[in-house]
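Form predicted on its own, single chain, as structure tokens, below.
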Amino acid sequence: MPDKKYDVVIIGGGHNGLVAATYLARAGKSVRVLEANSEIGGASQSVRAFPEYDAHLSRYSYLIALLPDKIVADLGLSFECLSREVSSYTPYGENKGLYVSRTWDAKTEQSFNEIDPSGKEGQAWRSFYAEVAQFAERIAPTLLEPLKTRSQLRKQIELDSIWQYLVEEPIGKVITERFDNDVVQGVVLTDALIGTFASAFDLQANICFLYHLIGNGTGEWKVPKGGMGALVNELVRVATESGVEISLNSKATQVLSSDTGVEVSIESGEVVMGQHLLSNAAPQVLAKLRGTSAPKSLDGSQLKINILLKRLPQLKSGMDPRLAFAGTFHANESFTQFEAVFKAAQAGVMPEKMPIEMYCHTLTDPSILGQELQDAGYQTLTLFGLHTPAALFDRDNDAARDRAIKSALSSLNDYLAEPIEDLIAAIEVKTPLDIEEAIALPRGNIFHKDLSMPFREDGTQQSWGVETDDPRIFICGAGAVRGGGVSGIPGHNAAMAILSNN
């Protein structure tokens, strides 16, 4: 029998588990966090990925848009995110590129006029994202409230035409109706595909698009100063100062629930009991611990590549690389390329030219590098390969990883004036299967499961989107409704679900 009973036991010390723990502890609850690994933070940690270099990289998650300012203020986090002046740069053709600043300016307008001298694409861009911004501003505050029904949320937002194309109809429909240029269409579509193995005409793409564009009502993706590890350090600080107990190397092996509480067995042989359990692990992991059937979901579908460069590469287009890589750099991500690669991956074929996107953290925040590396001009490059589902790696993960990295670097080299390989000081590549092994994300799915729309269907029971079939057990991680991304939202909502019933 356990020596001590807690009000709440939390499986998983990722950012959501720490957010939930702090809210609960400050409400007077006794809380213990069980983290399987030797380091806290889950997918949000920073690591010295290359021991010979003083560079602390955010290995699995890179930018922040969804973390609400309210959570930062509520918990008193001394944590800063930095804006990027450049939103994106997308090379195309022999030596051209589409430059988009965070706020529309003359350079952006000139770039759009080069891709479409009529001015239609630029105007369509401004109109479309103005509408999305309206939607984001109205929906963002609801993410920290009990779930509205579909009808309630649609009525509250009062933007029916925008709701229709963002929620009810495949995102590919509005993209192809509003934009004519294949490259512009692809730049819009990319936010619907990061981590999601879906066609532009699948509603899963709509949900991914929503989560990428609604953060804090602005959708702006910012660079975490000091890397993701700076956020984790702050969350650990406020949690421990609030009385939360954190146990590392404490992997849960079984969860048993009864009328008297929830018992969690861990590998050391200890049994930890709580009145309630919050799971920051994926729903499939929780199901295995409980001995129940696990929900099925899409494969994780991204290659993650972390690179330390001796310097930034020059581009065929002549664009200053300090501008091109400061925002999100897209390569081979036109609309038709996305759809073609998706169909090929469905058939089990690794693309020869992988759709990729990347950014350089150190252009905005050099602090993750030691001073010697900064002085020598080193930079980091963080790369996502899209439409690379776990199934492509099942037969031989090592061989498939080799093919994938060649495809990704070849895709980048299409637009460089020099081979990227000549500039790489160190590199690590994580396939979906590698991610699953390292941080227990089933099939490498960074969202834990299929993303859900941020509402409940009409006629369903009231909820926070974190409940399970057991009234003592809640999901506080990305697998909750309104989960996914570095947001803290499911952690906040799981804490509120417990506190509102006590």
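Model, not experiment: these values are computed from the prediction. The first residue of the shown sequence is 1; numbering continues from there.
Here the subject shifts to the form predicted in complex with a small molecule, a form of this protein not shown in this document.
J.: Would the small molecule in the predicted bound form be within 4.5 angstroms of a non-hydrogen atom of every residue among Ala43, Val285 and Ile446?
T.: Spot residues vs the small molecule: full contact, yes.
J.: Where does the small molecule sit in the predicted bound form: which of 22 to 30, 461 to 469, 435 to 443, 49 to 57, heavy atoms within 4.5 Å?
T.: Contact criterion met by 435 to 443 only.
J.: Of Leu193, Met354, Leu277, Ala281, which one comes within 4.5 Å of the small molecule in the predicted bound form, counting heavy atoms only?
T.: Comparing distances to the small molecule in the predicted bound form, the residue within 4.5 Å is Ala281.
J.: Under a 4.5 Å heavy atom criterion, is Ser452 part of the interface with the small molecule in the predicted bound form?
T.: No, no contact at 4.5 Å.
J.: Any chance Ala478 has a heavy atom within 4.5 Å of the small molecule in the predicted bound form?
T.: Contact with the small molecule, yes.
J.: Going by a heavy atom distance of 4.5 Å, is Phe329 a contact of the small molecule in the predicted bound form?
T.: Flag for Phe329 set to no.
J.: Find out whether any non-hydrogen atom of Val486 is located within 4.5 angstroms of the small molecule in the predicted bound form, and reply yes or no.
T.: The answer is yes: Val486 has a heavy atom within 4.5 Å of the small molecule.
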